[in-house]
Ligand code: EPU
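Taking the form predicted on its own, here's one chain by itself in structure tokens.
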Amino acid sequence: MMSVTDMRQGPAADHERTARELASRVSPATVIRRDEPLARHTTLRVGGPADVYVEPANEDDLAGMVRFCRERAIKMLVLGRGSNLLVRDGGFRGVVVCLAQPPFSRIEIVGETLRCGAGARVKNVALEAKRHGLSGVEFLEGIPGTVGGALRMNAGAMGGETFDAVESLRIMDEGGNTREMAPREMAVTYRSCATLKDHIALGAVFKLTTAPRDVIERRMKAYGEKRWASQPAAPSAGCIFKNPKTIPAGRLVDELGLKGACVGGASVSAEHGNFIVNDGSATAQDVLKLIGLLKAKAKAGRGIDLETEVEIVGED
């Protein structure tokens, strides 16, 4: 029988071995850390540690890491800025990948297109387009995420969705192979792209149109003012629920009198009923319990089954 001491050392030794073997497959410029707290990497600021956390230096290192995980049947999670993500308190058993290094964050203007790496912040995409008098991605301004995350969630705001502006994507499959795809070839729906559940977005080409810069600036300013007037500044994961067909989720929560409802350090935002905020002391379990409460109240009060938009991963 394994002793208590062995039980504590066993997982740590496994993580160390995985990190060491992975390091042998990639260049020294790739960042590899063990037991990395994921609360540091999510906008909600909750979540336990990742067994192994990796920031690949380039696509070759990413491909090597993907093949390594496939060969050893190790679970892998690709992380952007951690918005629209709830990591459970037990953390993630496997490898968490973040495309944070410069080769994945490039933004390049080519004619009326914007070529962006998956690690580029969507806010920077909108700003770069504005600088060059290109319109079509103004709605991305203020979304707290990366291009890869926006593609994975088909993120949207102000009536626009990410895939509305996408001309093509570059993706990597579970074998580490890359190829270009058009949006019509992908399983894209409201707030989801199923294709990117088992493929990694490496970058995208956004199709834009020319417009006077002052027009673009006014539009982005109006979007920003509307966003910050109605959304909380406190740590959150963005919208918790997808909007039902009959009523926006935030309005439903408001009409049910649930703004301000709380569990531990997690509470429904006073500014927007579809946001759960962290007062600095919340745990993932607090958030999950509050989500469960809201779903139960919506079902009992209106007969509506709320579906989470935020992705929930990890162990309790």
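Start at 1 with the first residue shown and count on from there. None of these values were measured; they are calculated from a predicted model.
Not on display, but discussed next: the form predicted in complex with the named molecule.
G238 is the sole member of G176, P183, P103, G238 with a non-hydrogen atom within 4.5 Å of the named molecule in the model of the complex. In summary, among the residues N124, N243, S192, T113, the only one with a non-hydrogen atom within 4.5 Å of the named molecule in the model of the complex is N243.
Using a 4.5 angstroms threshold between heavy atoms, K226 counts as touching the named molecule in the model of the complex. Taking the partner from the other structure, the named molecule in the model of the complex has no heavy atom within 4.5 Å of any heavy atom of S135. The named molecule in the model of the complex is not approached by R67, whose heavy atoms all lie more than 4.5 angstroms from it. Among residues of the shown chain, D279 is not one whose heavy atoms approach the named molecule to within 4.5 Å in the model of the complex. Residue heavy atoms within 4.5 Å of the named molecule in the model of the complex occur in exactly one stretch of 248-256, 287-295, 39-47, 23-31, and that stretch is 248-256.
Annotation for 257-293: interface residues with the named molecule in the model of the complex are K259, E271, H272, G273, N274, F275 [heavy atom within 4.5 Å].
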